[in-house]
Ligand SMILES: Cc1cc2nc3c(=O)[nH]c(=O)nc-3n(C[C@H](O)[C@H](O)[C@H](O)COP(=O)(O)OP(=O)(O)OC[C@H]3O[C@@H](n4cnc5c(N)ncnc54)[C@H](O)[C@@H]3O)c2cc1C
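To begin, one chain is listed below as structure tokens, in the form predicted alone.
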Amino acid sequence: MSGAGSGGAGRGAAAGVVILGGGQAGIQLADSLRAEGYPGAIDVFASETHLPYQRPPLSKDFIAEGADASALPLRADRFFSELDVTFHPGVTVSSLDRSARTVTTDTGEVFAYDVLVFATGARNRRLSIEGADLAGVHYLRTLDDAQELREELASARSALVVGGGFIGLEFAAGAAARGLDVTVLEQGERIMGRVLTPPMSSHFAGLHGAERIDIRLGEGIVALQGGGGPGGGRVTAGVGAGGEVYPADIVVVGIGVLPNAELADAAGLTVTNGIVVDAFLRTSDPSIYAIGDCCSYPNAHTGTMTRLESVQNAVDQAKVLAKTLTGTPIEYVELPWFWSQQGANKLQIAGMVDVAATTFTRGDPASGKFSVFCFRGDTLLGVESVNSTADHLAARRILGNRLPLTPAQAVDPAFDLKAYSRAAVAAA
């Protein structure tokens, strides 16, 4: 790596690596750079004031009744001092000068960089309807979001969830377990329709229905009603597109996210549904990279540009980039995988599911433990597993190593998927 860099008013030492974002991707990159032997300065800027924490539990364990109210840390608090990484909590980088290779913070400090990495993540898409700013209307992404929601759940009796995706349904399951009456409004024809096959969507709709969660498909929301007071006071109900009124003490909105790519866009980098990078995670500027939820990368498994919102993607991209930045350039080709915990049911997805592809089911859905294999022709694209980690791990080996598998093998209970995947990988 170049040792160039003028140093900035915010730091007089050598430039090094500047990481924008203190989430999963940014912290993993700092950790992996040191593990790969990077000796230079590393600065991590995070807009939140908390030490870095794990986000997935916030919509699951964190809101459960009686659960521990502290967030799980990404690393121990001694991480930064032991690895000689400078952490800047509560500091936002507001501008980027690519010709000078400097960034400027919202406090006016200037930092030079040899390499700049965007790990800025994504933010929730907001409702823009009447009543959207009422008290009791929540979004769930940050620790502050989760803490505020958790406090209000203690006295709430009913919840309205806008959006039938992972976050909304994870919250719905948790709220129902606490005894709240829960209604989910999903504008599409099925829940999790963007990421799941139709049979898996149907299965989870049945599971949530059995827990008395009222799922309304094809239903949008046009307004939120308040209980009086200045500005409308606190939310009391949502009004559906068809005019039906849904009473609620709490409203949780989960209608997708937007990548935090404005700074990159303003600096002239290519941005299309995220900061566009090549297979080495490099932007259109060779000294600037992007990883995690904010980047759009060439997916080696689908042949398309992809932006993923997953811990696996953030962590694996950070590890690969650390190797590239320490002299061993590696293309990012990792298989995507995801998971969601909705009540007692763990959903795991390996690969990229194509909702228009042909599906084959392994196991009995009525048992609560089964998998859906998604094929296009003879090619396995992805596997959805419910409460079947063995199937999921075998699927990751098969897909990740591009091992052949037929639909007949996939659905045959006598075919040992685990043994096949391990033997085939060992023989490769």
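Position 1 is the first residue in the sequence shown; the rest follow in order. These figures come from a predicted structure and were not determined experimentally.
Same protein, other form: the form predicted together with this ligand, not shown, and the subject of what follows.
> Of the options S310, T236, N345, S296, which one has a non-hydrogen atom that comes within 4.5 Å of this ligand in the model of the complex?
Looking at S310, T236, N345, S296 one by one, just S310 meets the 4.5 Å heavy-atom criterion.
> Among the candidate residues P56, G363, G400, G40, which is the single one with a non-hydrogen atom no more than 4.5 Å from this ligand in the model of the complex?
Only one option qualifies, and that one is P56.
> Is it the case that E170, even though its partner is missing from this view, gets within 4.5 Å of this ligand in the model of the complex, heavy atoms only?
Judged by the heavy-atom cut-off of 4.5 Å, E170 is in contact with this ligand in the model of the complex.
> Taking any heavy atom pair closer than or equal to 4.5 Å as contact, tell me whether A159 reaches this ligand in the model of the complex.
A159 lies outside the contact set for this ligand.
> Is V18 a contact residue for this ligand in the model of the complex, using a 4.5 Å heavy atom cut-off?
Looking in the model of the complex, residue contacts with this ligand do not include V18, since no heavy atom lies within 4.5 Å.
> Going by a heavy atom distance of 4.5 Å, is R396 a contact of this ligand in the model of the complex?
No.
> Given that the partner is absent here, state which listed stretch (259-267, 75-83, 239-247, 276-284) has heavy atoms within 4.5 Å of this ligand in the model of the complex.
Flagged stretch: 259-267.
> At a 4.5 angstroms cut-off on non-hydrogen atoms, which residues of 29-64 are near this ligand in the model of the complex? List them in order.
Counting only heavy atoms within 4.5 Å of this ligand in the model of the complex, the contacting residues of 29-64 are F45, A46, S47, E48, R55, P56, L58, S59, K60.
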